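Below, in structure tokens: the form predicted on its own, a single chain.
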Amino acid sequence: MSLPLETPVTSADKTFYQLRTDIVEGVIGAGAKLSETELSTRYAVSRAVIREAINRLVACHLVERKANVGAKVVTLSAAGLVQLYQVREALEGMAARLAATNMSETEITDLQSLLQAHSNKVSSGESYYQEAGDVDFHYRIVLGSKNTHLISVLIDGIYHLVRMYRVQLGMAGPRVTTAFEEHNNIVRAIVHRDGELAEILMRRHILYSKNNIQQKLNSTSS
């Protein structure tokens, strides 16, 4: 089963997706000021298209507007991380609990296959970097909850801000192996339809991830 994150419908969509990717992956740095003129040249589109893209980026929490400053990419901070991951821990824990009840056998099999593909990457020494969309373990779990409101908050709302922290400060070193094992344990709970355990394991996994990223933020700011 393939469930792409989004398919661009218009050239404006394409610009928005590219700009969002460049922010998440740090091509455009955290805290950077966004100039409509410069971006319109960079992406070869009109300023109106850039303005629309920036408005959409504000809605998904990657960009903020400030008086007398204009639009700028959000900064990655310890305080911002804590607040974001408090929400993520609660809601993704709920998603894992619901997924244990609501995912079909086919979806669970696909999730196991996804982890096997990730296992091959980890075994070969590659960074445990997950692309957006259906190749992202967490994205699959959220969709598996089958709760439209939860999906809206996690995918349409904070997903890409979470990815920004994960991509720029996340998977490296010993955390790669432990995170993968945590994913395996969550899937085992879902396979056994144990929603309570799936929620506990997911919440614990996200807490550990938050602690890992927080250490990196503290080391870069010291």
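Heads up, when I say rigid core I mean the largest set of C-alphas that superpose within 1.5 Å between the two forms. In this text the structure is predicted, and so the values were computed from the model without any measurement. So that there is no doubt, residue numbering starts at 1 and follows the sequence shown.
One more form of this protein, predicted together with the DNA, exists but is not displayed; see below.
- This chain is displayed without the DNA, yet in the model of the complex the stretch 69-77 from 69-77, 139-147, 94-102, 109-117 comes within 4.5 Å of it by heavy atoms.
- For the options 46, 168, 178, 185, the residue carrying a heavy atom within 4.5 angstroms of the DNA in the model of the complex is 46.
- Taking the partner from the other structure, the DNA in the model of the complex has a heavy atom within 4.5 Å of a heavy atom of residue 37.
- In the model of the complex, residue 11 approaches the DNA with a heavy atom inside 4.5 Å.
- Taking non-hydrogen atoms only, residue 193 never approaches the DNA to within 4.5 angstroms in the model of the complex.
- Using a 4.5 angstroms threshold between heavy atoms, residue 42 stays clear of the DNA in the model of the complex.
- For residue 209, the Cα coordinates differ by under 2 angstroms between the shown form and the other one after the core has been superposed.
- Relative to the superposed rigid core, residue 32 undergoes a CA displacement of at least 2 Å between the shown form and the other one.
- Residue 187 is not among the residues whose C-alpha shifts by 2 Å or more between the shown form and the other one once the rigid core is aligned; its shift stays under 2 Å.
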